[in-house]
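Single chain ahead, written as structure tokens, the form predicted alone.
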């Protein structure tokens, strides 16, 4: 099946969907952080495109702009920005997710001089004054998108886009329920591949893809896994890592990843207020990232609830070397999960380092033996 195979970087970054959109005269706006309201981009008649590296290990050009002590995922994305792979983008939206991400975007903009570039400032906590600040920033972004697209973002258009992405999140919850069955009908690698494909689609087409996949799988006979695992951590688009873990007999029945289920936990917008205010409130109240350093208890509760609901045997906290946020976060998450009776394996790796796969597989095998699974 198309979505179960390892994604090809050459064909999936500038894929047929995006090519067709561009051939029809459409414009594409890239973003990276889940705090970026894609509804605004879609309401402006633009295609939101989440930046990905899909296992790119070449960072030669990026290494001239960023330190080797920066996250290798950010350097891999920057490389693709500098070598022309992402030349189909008509704009970029930067967020202050972390210093590595900012360095990636700012060097990208410095070298490419994109006409449409916006730095979306996202507060680090959720309260009345930070919400007002975030809404003001969304208003400025809305104005820029209207200018570049020559499309007025009306309240009706924004409400329609909000409804479209809410439907995506509902479908994702249906998909997650199939992963969490005693005999899962969807694997973690399949779910991640679907999310990667959908992150360069309009909401309606993403919903259609998820609906087709769910319809195909809901009556299938699942397989009882040797171990039920949850993977936590930052953005990772490396489907092959999930495939390697699942080849050992385990199934990643749940995840709390930035490039994964964490992208779909945005709260439904409230019914009161303008669409822009409701969008700002929904996003800022649902950022379960270590950058929200005053929101740890909520993030911990989300991780514990996800583990409980999926009945996991253990959790793997997987992050890239030099990812300061998640390196620190892994310590406290491990403590709190193990206090709740959930064994945790913390793995630090380089992005797209094939040499790391054998080492990591050995550690996952040993972890599965520890929690009672047979690798």
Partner chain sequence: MDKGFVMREGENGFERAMGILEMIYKLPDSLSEEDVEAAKNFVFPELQQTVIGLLELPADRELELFFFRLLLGVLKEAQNAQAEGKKLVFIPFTFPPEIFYSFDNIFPICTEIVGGLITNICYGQGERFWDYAMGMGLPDSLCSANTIGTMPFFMGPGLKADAIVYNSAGSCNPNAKIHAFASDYLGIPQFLLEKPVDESPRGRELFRQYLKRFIKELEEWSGSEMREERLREVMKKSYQAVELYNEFWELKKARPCPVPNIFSMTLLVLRSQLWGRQEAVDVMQKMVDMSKERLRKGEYTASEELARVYITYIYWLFDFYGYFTWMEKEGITILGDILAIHYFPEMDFSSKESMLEGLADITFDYPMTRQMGGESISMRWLDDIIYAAQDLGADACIFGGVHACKHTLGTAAYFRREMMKRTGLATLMLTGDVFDKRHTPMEMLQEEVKTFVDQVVARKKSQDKKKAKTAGE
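Residue numbers count along the first chain shown, from 1. Because the structure is predicted, anything quoted here is derived from the model rather than measured.
The protein also exists as the form predicted in complex with its partner chain; that form is not presented, and the subsequent description refers to it.
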Just to confirm, with a 4.5 Å cut-off on non-hydrogen atoms, which of 212, 298, 224, 111 contacts its partner chain in the model of the complex? 111
Select from the listed residues 184, 290, 233, 260 the one whose heavy atoms reach within 4.5 Å of its partner chain in the model of the complex. 290
Is there a non-hydrogen atom of residue 64 within 4.5 angstroms of a non-hydrogen atom of its partner chain in the model of the complex? yes
Does its partner chain come within 4.5 Å of any heavy atom of residue 340 in the model of the complex? no
Exercise: residue 31 in contact with its partner chain in the model of the complex, heavy atom 4.5 Å: no
Are any of the heavy atoms in residue 70 no more than 4.5 Å from a heavy atom of its partner chain in the model of the complex? yes
At 4.5 Å between heavy atoms, only one of the stretches 141 to 149, 84 to 92, 203 to 211, 115 to 123 reaches its partner chain in the model of the complex; which one is it? 115 to 123
Does its partner chain, in the model of the complex, lie within 4.5 angstroms of each residue among 128, 294 and 328, using heavy atoms as the measure? yes
Residues within stretch 85 to 112 having a non-hydrogen atom within 4.5 Å of its partner chain in the model of the complex: 96, 98, 99, 100, 102, 103, 106, 107, 110, 111
